[in-house]
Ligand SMILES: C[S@@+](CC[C@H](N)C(=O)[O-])C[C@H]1O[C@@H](n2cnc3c(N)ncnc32)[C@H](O)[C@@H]1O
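The chain below stands alone and is given in structure tokens; this is the form predicted on its own.
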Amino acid sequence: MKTGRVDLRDVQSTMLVTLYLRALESRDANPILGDRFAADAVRRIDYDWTRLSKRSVTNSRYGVALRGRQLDDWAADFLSRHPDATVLHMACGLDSRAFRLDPPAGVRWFDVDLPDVIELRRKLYDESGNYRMIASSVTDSAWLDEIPTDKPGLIIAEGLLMYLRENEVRELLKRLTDHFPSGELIFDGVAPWMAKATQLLKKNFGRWYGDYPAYWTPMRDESDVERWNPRLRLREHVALVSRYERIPDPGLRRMYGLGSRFGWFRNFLRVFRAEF
């Protein structure tokens, strides 16, 4: 069944780009992520996808897939050790991680995003058993009262923290680590030059840059997460460009391989795993 016409703006618009790229990557013969749920969602959403079918957009599909794959692997590892955990996926967009991972029956999973996002999400995915959706900005505090506190928590923040101001990041992470007895935080972060570039583009070329928001909180180095919240301890981090050998497109594989030799390019997008 088709959804109604969709035309989200601002930060919500980024989720349509990510969904489209995951769907596109799933068509590869040997996909990195292989998100069949994304492909199904794209077929059902009434949106002008031709706006995104240009190489400047589609060439990013492997970066999106590599990020999703690494976070999926870390999430799956956590749930294998904590089969009764509580999962909190913030700014979930239209991501299908709750279904891709097929978590153990004892896991309680909560997907949180803005009301218009959840409204669309409910047309695509069903709440059932231990899976729920919550309509709220993650920076509001009231929604967290709905999340149980009795089990270890897995907090997933993909495509979120870089869009917040640093004081918002600090406040959010404190609320989360105070809420759960223990757990892990997995998230992605951009390099400072990436954040500065998006701010300049948004300011000076807003018409060309479109509705996409700027990045405000980059990852300067690995210690940032512990500086944001002393309770967090970084376990590992991965520069996605360093996984270039998994990219099936020869031209993009060579480009990423060359770029991985330079720190400024290699670290433009990384994923992080911290425990508390």
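Not measured: the values here are computed from a predicted model. Just count from 1 along the sequence shown to find any residue number.
Just so it is clear, the following notes concern the form predicted in complex with the ligand, a form of the same protein that is not shown.
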statement: Only hit among Ala85, Ile186, Leu144, Val117 for heavy atom within 4.5 Å of the ligand in the model of the complex is Val117
query: Is there any non-hydrogen atom of Val107 lying within 4.5 Å of the ligand in the model of the complex?
result: no
field: Touches the ligand in the model of the complex: Met15 (any heavy atom, 4.5 Å)
entry: yes
query: Taking heavy atoms only, is Ser137 within 4.5 angstroms of the ligand in the model of the complex?
result: yes
field: the ligand contact in the model of the complex: Asp113, any heavy atom under 4.5 Å
entry: yes
- prompt: Hey, of 194-202, 76-84, 176-184, 91-99, which bit sits against the ligand in the model of the complex at 4.5 Å between non-hydrogen atoms?
  reply: 91-99
message: With the ligand taken in the model of the complex, which residues across 143-178 come within 4.5 angstroms through any non-hydrogen atom?
response: Glu158, Gly159, Leu160, Tyr163, Leu164
